[in-house]
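Here's a solo chain for you in structure tokens, the form predicted alone.
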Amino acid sequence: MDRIDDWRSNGYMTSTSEIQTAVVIGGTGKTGARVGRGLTAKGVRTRIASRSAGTVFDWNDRVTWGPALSGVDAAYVTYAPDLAVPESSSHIAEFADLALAAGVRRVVLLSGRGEPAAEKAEESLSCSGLEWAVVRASWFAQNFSEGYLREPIRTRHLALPVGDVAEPFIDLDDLSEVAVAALTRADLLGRVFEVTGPRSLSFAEAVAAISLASGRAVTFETIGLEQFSEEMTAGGVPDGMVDLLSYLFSEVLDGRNRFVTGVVEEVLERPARDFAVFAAEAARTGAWS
């Protein structure tokens, strides 16, 4: 019998989806929490699974995988630390096999744009025999307000190993709505959805938009990769995460993902949220206070 804190359900709504039950792997994270709320709003009985949730899930502990997948129709999957790491494709393949054996019908995987290792993980899912969809995301706008960039913004100076390369930052509310649609709509299956914001900005332009929205004079500085790594290590960031961020800034953030897609508009039938709107809302709710 499921523990009461394993599930989120309003107890009143009848599901508007053919999917009745779902698990959110990484359900306490930035996208997972939003997807969990979105599924619940559609009346889908939703289990939250992560290292800190009632249903414990850890990618490095396969014993935790089976209980998370038991008795659900669908799964939203985020991979930690990132699909960019080499072992991700084998983990996703093994997870998909277990999901299929457990009776799971549908899996939606969060992926990253322009990451070769992530594309291998996507292929592992698409060949699994499950119903599937992939949501490939550009950089999250909320990394500035909820992630590792928040504290530098609060202290009014952000230094990163990146120049004028533009990125179409995606608002996580948009991303999560697309993921919920893919989980609950059969017409969206078997597709890779590259979600972006409506325009591309450099990191300096993004910081300028945050300054304008928050009324705080935040400066941006381009630094070398070695300095960035040293500062992250000195700040207590684990070595594995430092290596991952260094890879993303030095390899992936080279302009390959600067183009904007219309996926949010196509799937949600409304415009994607602009970065300036995100910044104004984050400032209003005290993200950088």
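Counting begins at 1, following the sequence as shown. For clarity, every value in this text was computed on a predicted model and none was experimentally measured.
What comes next is about the form predicted together with a small molecule, which does not appear here.
> Does G32 reach the small molecule in the predicted bound form, with heavy atoms at most 4.5 Å apart?
Yes, G32 is a contact residue.
> With the partner left out of view, is L110 within 4.5 angstroms of the small molecule in the predicted bound form by any non-hydrogen atom?
L110: contacts the small molecule in the predicted bound form.
> May I ask you to state whether T78 is within 4.5 Å of the small molecule in the predicted bound form, using heavy atom distances?
Taking the distances in the predicted bound form, the answer for T78 is yes, it comes within 4.5 Å of the small molecule.
> Verify the contact flag for T28: yes if a non-hydrogen atom of it lies within 4.5 Å of a non-hydrogen atom of the small molecule in the predicted bound form, no if not.
T28: yes, in contact with the small molecule in the predicted bound form.
> Could you tell me which one of F228, F220, W59, Y247 places a heavy atom within 4.5 Å of the small molecule in the predicted bound form?
Partner contact (heavy atom, 4.5 Å) among the options: W59.
> V180, R199 and E265 - do all three of these have some heavy atom no more than 4.5 Å from the small molecule in the predicted bound form?
No: none of V180, R199 and E265 comes within 4.5 Å of the small molecule in the predicted bound form.
> Could you tell me which stretch in 66 to 74, 251 to 259, 49 to 57, 228 to 236 has residues with non-hydrogen atoms within 4.5 Å of the small molecule in the predicted bound form?
The contacting stretch here is 49 to 57.
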